[in-house]
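Consider the single chain below, provided in structure tokens and representing the form predicted alone.
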């Protein structure tokens, strides 16, 4: 393991998780739970197979990742975060929210996976009727659809589809992100090409009441690109 050689907690942390791809491996395990190697590879487009193997070994050596030999019918190795690895959740949440300002102008060829909505959903969506019935919002913005499940005041994002979603959002990830951030109303998002199918009141139950500074940036960039 390379080291900054500094007696500083930030430097010591970066000795362990500061290499390229390392925090994104943590991201995948935080969002998806136990993952097969192929799951991690799919969630990290662009990483070389040998580099992924090296990073996993480094994280295991640091005590942040453990492996489990799952029984049939899975019958494969699953990688999990340890308790120490899971403690990085607020770190990634803070980085993710801070980084929202840089998502206003995606680069050509930027990859996207549906489960990456998990952090934006946790940043911006709030269940304003925790005593209300459970609801689900299906997101179709990539080849890997995702579902946001809301119940009892909490939100949870998972890969896949819902049997009977209350709302389905189909369109560009950036438009969905601007809607979640409060930068666009549902009507404005629809004008920009987002397809909204289902119960609009269910969607309004979790959308923020007003935009923040990062959301304002997303609104401006979304409209500029569309113009």
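Heads up, when I say rigid core I mean the largest set of C-alphas that superpose within 1.5 Å between the two forms. Residue numbers count along the first chain shown, from 1. Since the model is a prediction, treat every value here as computed from it, not as a measurement.
What comes next is about the form predicted in complex with another copy of the chain, which is not displayed.
**Student:** Go through 160, 33, 45, 193 and name the one with a heavy atom inside 4.5 Å of another copy of the chain in the model of the complex.
**Tutor:** Of the candidates 160, 33, 45, 193, 45 is the one lying within 4.5 Å of another copy of the chain in the model of the complex.
**Student:** Would you please decide whether residue 129 lies within 4.5 angstroms of another copy of the chain in the model of the complex, comparing each non-hydrogen atom pair?
**Tutor:** Residue 129 lies outside the contact set for another copy of the chain.
**Student:** Mark residue 64 yes when one of its heavy atoms lies within 4.5 Å of a heavy atom of another copy of the chain in the model of the complex, and no otherwise.
**Tutor:** Yes, contact at 4.5 Å.
**Student:** Is residue 101 a contact residue for another copy of the chain in the model of the complex, using a 4.5 Å heavy atom cut-off?
**Tutor:** Although another copy of the chain is absent here, residue 101 would touch it in the model of the complex, with heavy atoms inside 4.5 Å.
**Student:** Answer yes if any heavy atom of residue 152 is within 4.5 Å of a heavy atom of another copy of the chain in the model of the complex; otherwise answer no.
**Tutor:** No, residue 152 stays farther than 4.5 Å from another copy of the chain in the model of the complex.
**Student:** In the model of the complex, which of 193-201, 23-31, 180-188, 66-74 comes within 4.5 Å of another copy of the chain (heavy atoms)?
**Tutor:** Looking at the other structure, the answer is 23-31.
**Student:** Even though the chain is shown alone, can you say which residues of 65-98 have a heavy atom within 4.5 Å of another copy of the chain in the model of the complex?
**Tutor:** Residues within 4.5 Å: 84, 87, 88, 90, 91, 92, 94, 95, 96, 98.
**Student:** Given a core-based superposition, decide whether the C-alpha of residue 83 shifts by 2 Å or more between the shown form and the other one.
**Tutor:** Shift at residue 83: below 2 Å after core fit.
**Student:** For residue 106, does the CA position differ by 2 Å or more between the shown form and the other one when the superposition is done on the rigid core?
**Tutor:** After core superposition, the displacement of the residue 106 C-alpha between the shown form and the other one reaches the 2 Å mark, so yes.
**Student:** Specify closer or farther for residue 106 and residue 51: how their Cα atoms are spaced in the model of the complex versus the shown form, given a shift of 3 angstroms or more.
**Tutor:** Farther apart in the model of the complex, by 3 Å or more.
**Student:** Do the C-alpha atoms of residue 106 and residue 40 sit closer or farther apart in the model of the complex than they do here, given a shift of 3 Å or more?
**Tutor:** Compared with the form shown here, the C-alpha atoms of residue 106 and residue 40 sit farther apart in the model of the complex, by 3 Å or more.
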